[in-house]
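One chain comes next, on its own, written out as structure tokens in the form predicted alone.
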Amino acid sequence: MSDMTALDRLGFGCVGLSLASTPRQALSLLAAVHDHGISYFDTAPLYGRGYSERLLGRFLRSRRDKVTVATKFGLSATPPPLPMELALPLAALRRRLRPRPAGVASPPQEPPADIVSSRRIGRAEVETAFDASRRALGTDYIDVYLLHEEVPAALEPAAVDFLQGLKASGAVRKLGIAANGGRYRSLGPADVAGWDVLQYEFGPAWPWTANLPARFPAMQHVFHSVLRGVSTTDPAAPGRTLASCLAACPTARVLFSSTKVAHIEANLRALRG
């Protein structure tokens, strides 16, 4: 990734995609992001009760070869209960009728360094999750497939073999881990051998992850939640923060998310200077 521009290294997080009032609105948001030069989209089966993957899948229909897709496995998910054309407007109506009280998010607390995996993830679970994501996304392959909120020690050997088989066949292009950055402090390079991507929180609110790029130099790093706690009164602050995170690791990818095109455009203008 060393020859990529700052814009090439940005990615869009689809965690809030299902907050759109209609599928058309969500697809318009994705199209605007893509039109502004961002082609990396990160989702997961749990995002928006499964609607995030399905919305992204609709967007991919005419541009699969122009988009890099990251999704996840390891946390159980159930099929969405309603068609998107019903579910999204109903959810929007509930939010209008019962708005959440405004408040200031508390600063994140540093997690303990000795988190131990208690789960065991077998091949059947991974295979089922992979097939479900591929159907939801409407794609034959997944560019980046991430173990969600776990570390490789939670995987049974047969599950690891299955994942490596997906990579060898081209059904998955890269394998990665997407967990709380605190989980990585007890790991060393040998613990992530055979994996390509390390995804975690990064930026001013997460000082305990600042040394991870140096600790795992062979991995591709993906930062998310970088705008947590950044000033909303200074319109240039998000762009400056994105720029500083990109500069912190010249080969890293930085994710950001918004439900409003205007915010995305403002962040990109600030990033460009």
Ligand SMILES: NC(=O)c1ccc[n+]([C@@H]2O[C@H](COP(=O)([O-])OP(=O)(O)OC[C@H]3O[C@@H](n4cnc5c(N)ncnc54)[C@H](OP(=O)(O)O)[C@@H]3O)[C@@H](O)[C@H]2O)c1
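All values reported here derive from a predicted model rather than from experimental measurement. From 1 onward, residues are counted along the sequence shown.
Same protein, other form: the form predicted in complex with the ligand, not shown, and the subject of what follows.
Q) Which of 118-126, 131-139, 82-90, 146-154 has heavy atoms within 4.5 Å of the ligand in the predicted complex? A) Result of the contact check: 146-154.
Q | Check all three, 169, 173 and 252, heavy atom within 4.5 Å of the ligand in the predicted complex | A | Spot residues vs the ligand: no contact at all.
Q) Is there a heavy atom of residue 25 no more than 4.5 Å from a heavy atom of the ligand in the predicted complex? A) So residue 25 does not count as contacting the ligand.
Q) Could you tell me if residue 42 has a non-hydrogen atom within 4.5 Å of the ligand in the predicted complex? A) Flag for residue 42 set to yes.
Q | Exercise: residue 36 in contact with the ligand in the predicted complex, heavy atom 4.5 Å | A | Answer no; every heavy atom of residue 36 is more than 4.5 Å from the ligand in the predicted complex.
Q.
If we define contact as a non-hydrogen atom of the residue within 4.5 angstroms of the partner, is residue 21 a contact of the ligand in the predicted complex?
A. The answer is no: residue 21 has no heavy atom within 4.5 Å of the ligand.
Q: Give, in sequence order, every residue of 236-257 that has a heavy atom within 4.5 Å of the ligand in the predicted complex, or say none if there are no such residues.
A: Going through 236-257 in order - heavy atoms within 4.5 Å of the ligand in the predicted complex - the hits are 238, 255, 256, 257.
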